[in-house]
Structures are given as structure tokens and as C-alpha cells.
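The C-alpha cells that follow cover one protein chain in two forms, given apart as structure 1 and structure 2.
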Structure 1
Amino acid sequence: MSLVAFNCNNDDDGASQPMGPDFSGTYAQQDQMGRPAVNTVFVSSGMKDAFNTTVPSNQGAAFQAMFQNNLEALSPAYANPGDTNALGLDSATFTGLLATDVLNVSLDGTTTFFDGTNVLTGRALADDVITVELLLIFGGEDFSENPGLSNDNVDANDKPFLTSFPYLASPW
């Protein structure tokens, strides 16, 4: 009954809408992120907006070669044939992984970027992701190369995280 009455007052509105916020319209992509620091470190300056607006399934084909060039410029040992990082990945394989900028997350247990045992099973707040990435870029086959470049020696956040939702610390 009330629906009929409502429609009588809104002749040109065929479908009655509940009152509430307007969520209509199309939203177009501006930024995206999977793994930390990927766009910052591996994408050349003129391509950063393009990287942010390329769907992940197309990023490997579009950007892997650029990633490899930039990795070998940062860490020239990677240009040597057979050179790998501690994950056993050579320059092409490592940048092939990174260029598709998604975060892999396990639904079956520990979720961490790297904890000494588990690799790329998520990203927890306390993970020292920058040192992990520096080790994989500069640390060589056994994390022993370039020790001065392989750890920024900032190992933890400036405030403790919470054990319960929402996990992040209160603002300063």
C-alpha cells in the first residue's frame, strides 16, 4: 500500500529507491598497490602513473623488462649470468614476480612477507618489509653481500600494534 502511495508522488521514478546516500556513478582508477615499495623502486619516473593504471594481469608483459633494467642498475651483480638472490631467483625471474604487483596471501596459516621460514604468504603490520626487499635486492645468494645496503636498521614501528581489531596503533 505504502509503495503504491509513494509511487503516486513520484510518477517519473519507476523504481522506488530507499532514502540514503547516493552511490551512483563510475569510479575510475588512480592508484593501486600490491607489494610494498614496488612502484617506488622499480618503475622509472615517467611510467609511475601508467603502472598505477595497468591491471595486474597486464603488468608483467608491460613492465618486466623495465624492472629488470632498474634492478640490474641498482644491484649490478644481477647482470652476471646465473646470479640469484637468496630465494634462488635470477634477475629475470625475480622481476617477473615483482612486476605483477599483487600480494600473495595464504588462507591456511601464517601470513607474513618473510619470517625466515614463510615467504610471501601475506603482509603483517610488523613485517620488516624494507629490509626483506633490501636483502633480496642487495644481499646476494646468502644475504651476506653488501651488508651496508641490505638493512636500514629500522626494525620496528614507532608505536606497538594492537593484538585486536583494528590492529593499527592510535594516531599521534
Structure 2
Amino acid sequence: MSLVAFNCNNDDDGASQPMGPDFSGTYAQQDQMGRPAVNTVFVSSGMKDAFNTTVPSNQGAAFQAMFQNNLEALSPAYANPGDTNALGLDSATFTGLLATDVLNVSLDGTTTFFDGTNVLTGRALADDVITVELLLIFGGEDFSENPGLSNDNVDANDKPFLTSFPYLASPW
């Protein structure tokens, strides 16, 4: 769900104050992305609108087969029957997980995309999400397969994150 709000009028005498967003119109969901790049990589171009407007609880049933076909076509790490990634997930199981595009959050444990022990228990700003995804797609059973495809070579943000809200680094 995205929300775009703006306010334009010719009443700039300060007499009226915005009362908050106006939700009286008709809105349509345009995009969703629980896990970065998953939608971009695994959803075929003709299915983007359908995927983006399908509620996550229905995405697995509707899109897992497409995800699996695209994964097997894309990654040599799943070329042979029985191939798995470092989590021990074969292509059907892995794409079943990915096709439900939500970011899970552990309420009582470590929050991380992957830290070597915990997997998909949330996401910290400094997590190297794209490299983790590349490793799970191309890295094979022990992250050693296809090394040229398994790392985006961006190991950290170019600026430090803030210690208070909104925590993101300034863009300039």
C-alpha cells in the first residue's frame, strides 16, 4: 500500500490548517514489496499488477509455480534434482517461502534478514539483504557455487545510519 499526500490551495493566509490526510477518495494498491528484489526478480512482467494486488495470504497459491519456474531458469544452483540452497530448501520449498512476499518479524528474538544463525526474522538497516538473497538463489548448498553471481559487492551503506528516528542516513 502506498499513500501519496499533497496539499495545494490558494489559501496561504494561515487561517486554515491541514486536518490530516483525506481518505474519502477511492484508492487502489499499486505495489508491494515485503522482501527487496523478490518481486522484481521472480514476478514475470505480465504478472506484476496481479502480484502487487494479491493479498499475501493468497500469493503462495497463485504465484509459487511461476517463482519456481523463474528460479530454475535463472539459477544453475537448482539445475539438478535434489539441489538445495544453504538453508536446505529445494526450489519448490524456497519459492513457496518467497512467493508470500511478507517480511516476518521475530517478536522475541534477533531481528535480522540473516546473521549466520537467524534467517528472515526481520530486517535491520545494516543487513546486506541483496547479498543474502543472491547467496540463497545462486550460492548452492554451502554458498560456494556461482561466486560471481552471489555477491553484490556492496557491503555497507555509504553513510552511517542515525541513532534516532528515522534512523536512515541523509541522502546527501
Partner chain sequence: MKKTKFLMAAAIVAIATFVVIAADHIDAPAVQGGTSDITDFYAFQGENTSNIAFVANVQGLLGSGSDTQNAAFDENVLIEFNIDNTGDNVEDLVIQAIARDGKMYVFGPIAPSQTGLNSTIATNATNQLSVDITPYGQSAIIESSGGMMAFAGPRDDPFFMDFAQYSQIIAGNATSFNNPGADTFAGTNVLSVVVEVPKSMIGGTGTINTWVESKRRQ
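Throughout, residue numbering runs from 1 along the sequence of structure 1. Quick caveat: nothing in here was measured; it's all calculated off a predicted structure. We call the rigid core the largest set of C-alpha positions that still match within 1.5 Å between the two forms.
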Legend entry - Structure, 1 versus 2, that is the form predicted in complex with the partner chain: 1
Inset, instruction - Using a superposition on the rigid core, decide whether the Cα position of Ser45 changes by 2 angstroms or more between the two structures. - result: no
Inset, instruction - Would you tell me if Ala28 moves between the two structures by 2 Å or more at its C-alpha, with the rigid core held superposed? - result: yes
Inset, instruction - Once the core is aligned, please say if the CA of Asn153 is shifted by at least 2 angstroms between the two structures. - result: no
Legend entry - Phe165 CA shift between the two structures in angstrom, with the core used for superposition: 2.3
